[in-house]
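Here we start with a single chain on its own, the form predicted alone, put down as C-alpha cells.
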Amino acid sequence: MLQTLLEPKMLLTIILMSTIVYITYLTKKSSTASDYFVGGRSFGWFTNGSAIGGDYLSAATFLGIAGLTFQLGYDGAYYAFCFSIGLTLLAIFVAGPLRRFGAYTVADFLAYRFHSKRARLAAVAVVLAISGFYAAPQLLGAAQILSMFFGTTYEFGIIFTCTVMVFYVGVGGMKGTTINQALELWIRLGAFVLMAAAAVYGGLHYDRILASINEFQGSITGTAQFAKDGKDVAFDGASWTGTGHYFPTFWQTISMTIGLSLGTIGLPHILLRFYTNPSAKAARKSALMAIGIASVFFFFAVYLGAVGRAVFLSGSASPEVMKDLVAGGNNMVIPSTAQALGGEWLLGLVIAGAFAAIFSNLSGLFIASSGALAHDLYATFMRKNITERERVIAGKVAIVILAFLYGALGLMVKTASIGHLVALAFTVAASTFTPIFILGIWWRGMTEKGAIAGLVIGLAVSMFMIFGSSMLPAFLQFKVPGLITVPVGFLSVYIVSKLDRKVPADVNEFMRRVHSKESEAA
C-alpha cells in the first residue's frame, strides 16, 4: 500500500489534490453573491490572466492538440492556430466593454441590455448547452487518465471527477476556483517545458523528427500485440506531413477556422472571467496575458505531438508505452510520451498537469453554469426576493445538479476525440453568444427579438449540423460546421432586429457605459 502511494504518478497527484483542498478550505467563506460568483471582483491581471489561461487551456490543449497533431499531422496542428486567434479577438472587441458593464453572469448582459426576462432565459439555455458540450470531453480525459494509469474503470473516473468538482467549486466558489486555476496553469506549463527539454536533450529536434516521420512508410514495429486486429499499425509519413487529409477541401478548412476562431468570444466560462477584474484596464491586461500564455502552450503542444509520433514510429519505447499509444489513441499521447522521455517522475508530473487542466476547465464551466441556474433561473423566475445567503446556497445546490448532468454526458462520449469535441463546443459558442456579444457591444440597432432569434436559431442550426449532418447533401457535411452556422447566427440577429426595430430607449446610455473611459466607468 505504502509503496503504491509513493509511486511518482500517485504521489504527485495526491500533492495536487491536497493543494486544491487546502486552497479551497482557505477561500471557502463566500457570504455574498459577489464573492461566490465573481470572487468579489478582486483579482488583478496576473492572477486573472493565469486563471483565464487555466480556463482556456483545457484538456483539449494539454492532451487534445498534441493528440490531434500526433494523429493528423499538419491538419491537427491547424487546430492550435485557430484557437490562438480567438483570444486575440476577445481581448480587442469584448474584454474591456464587458468589464465596464459589470454583472454576475453571461445572461445578465442580455437581461440588462434589453430589460428582458425572455432574453435571460434563452441565454441560460445556451450557457447550459455550450457548457455541457465542453464538459463532456473534459470528463472523458479525466476518466481515460484514471483508467489507463491507475487501473480504474471509465465510469469510476467520471464519478470521481464530478465528486471533486462538487467540492472544488461548491466550497471554494469563484475565489477558490480562480486561485486554484492560476496555480494549475503553471503546473501544466512546467510539465510541458520539462517534456520539451527532455525531448531536445534526447536529440528529438523538430526538423529531424519531421524528416524521419515524412520518410516513414509501412508498419510500426511492436504494435501488433496491442492492436485489435492483431496486425502492426500501418503509417504513411507523407500523409502526416501533408495537409488536406482530415480537412480535404478549402471550404472544410475555412469552416473550421471560422468556428474555432470566433468560438472563444462566446464561451460562457471565459466571458465570466472578465467580471472578476477590478477594472476594464485590468480585464484587457488579463486577456493579453492569457494570449501570451496560450501562445507558449500551443507551441509546445504541436511540438510534443510530433515528438510522440516520432517515438511511436521508432518502436523503441517500452511495451507499456507502445500499448498506451495503440490503445489510448490520440487522447493519451502526452502522458505516454512523457513516460518514454522521462520515466515515472515525468509521467507523474504530466498526469498531475492533466488533472490540473481538466479540473481548471471544468471548474470554470461549473461556475458559469451554476450562475445560470441559481442566479439567472432560480433567483429571477422562481424566488424573486431571495437573500444573498440563499443565492449562494442555490449556487452550491446547482453544482450538485450539474455534476449529475455533466457526468451523464461524460458517460456518453467514451470513445470520442477530446480535441474534436471541444472544437464542436467552440462552434456552438461561435454561432450563438459570439454574434450576441459582438453586435450587442458594437451595434445600437440590436433588439431583444433579434438577440433571442440569434441564440435560438444559432443553437438549433449548430446542433442539427453536428448531429444530423448525415441528412444533409455531401457539400454541406462539415466536420466543424462554422462556415454555415456562424453566418446564420449573425444574420438571424441582424435580420430580425431590422424587422423588429424596437431598440431599447436607453441604448445610448448602455453604449456610453460599456465604451466610456476608465475614469467615467468608475
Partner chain sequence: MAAEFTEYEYVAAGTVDVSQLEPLDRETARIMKDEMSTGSKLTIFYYAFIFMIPILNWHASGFMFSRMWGGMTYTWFITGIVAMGMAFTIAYVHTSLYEKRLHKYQGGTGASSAHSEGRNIG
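Positions refer to the first chain, counted from 1. Keep in mind that what you see is a predicted model, and the values were worked out from it rather than measured.
Here the subject shifts to the form predicted in complex with its partner chain, a form of this protein not shown in this document.
Engineer: Just give me the single entry in 393, 233, 89, 411 that has a non-hydrogen atom within 4.5 angstroms of its partner chain in the model of the complex.
Structural biologist: Looking at the other structure, the residue within range turns out to be 89.
Engineer: Using heavy atoms only and a 4.5 Å cut-off, determine which of 153, 249, 217, 415 is in contact with its partner chain in the model of the complex.
Structural biologist: Only one listed residue qualifies here, and that residue is 249.
Engineer: Taking the shortest heavy atom distance, is residue 269 within 4.5 Å of its partner chain in the model of the complex?
Structural biologist: Although its partner chain is absent here, residue 269 would stay clear of it in the model of the complex, with no heavy atoms inside 4.5 Å.
Engineer: Just checking whether residue 171 would be counted as a contact of its partner chain in the model of the complex - the rule being heavy atoms within 4.5 angstroms.
Structural biologist: Heavy-atom contact with its partner chain at 4.5 Å: absent for residue 171.
Engineer: Residue-level contact is defined here as any heavy atom of the residue lying within 4.5 Å of its partner chain in the model of the complex; does residue 17 satisfy this criterion?
Structural biologist: Taking the distances in the model of the complex, the answer for residue 17 is no, it never comes within 4.5 Å of its partner chain.
Engineer: Mark residue 175 yes when one of its heavy atoms lies within 4.5 Å of a heavy atom of its partner chain in the model of the complex, and no otherwise.
Structural biologist: Contact with its partner chain, no.
Engineer: Counting only non-hydrogen atoms, which stretch in 186 to 194, 372 to 380, 345 to 353, 224 to 232 is within 4.5 Å of its partner chain in the model of the complex?
Structural biologist: In short, 372 to 380.
Engineer: Go through 447 to 476 residue by residue and record those having a heavy atom within 4.5 Å of its partner chain in the model of the complex; state none if no residue qualifies.
Structural biologist: Residues within 4.5 Å: none in this stretch.
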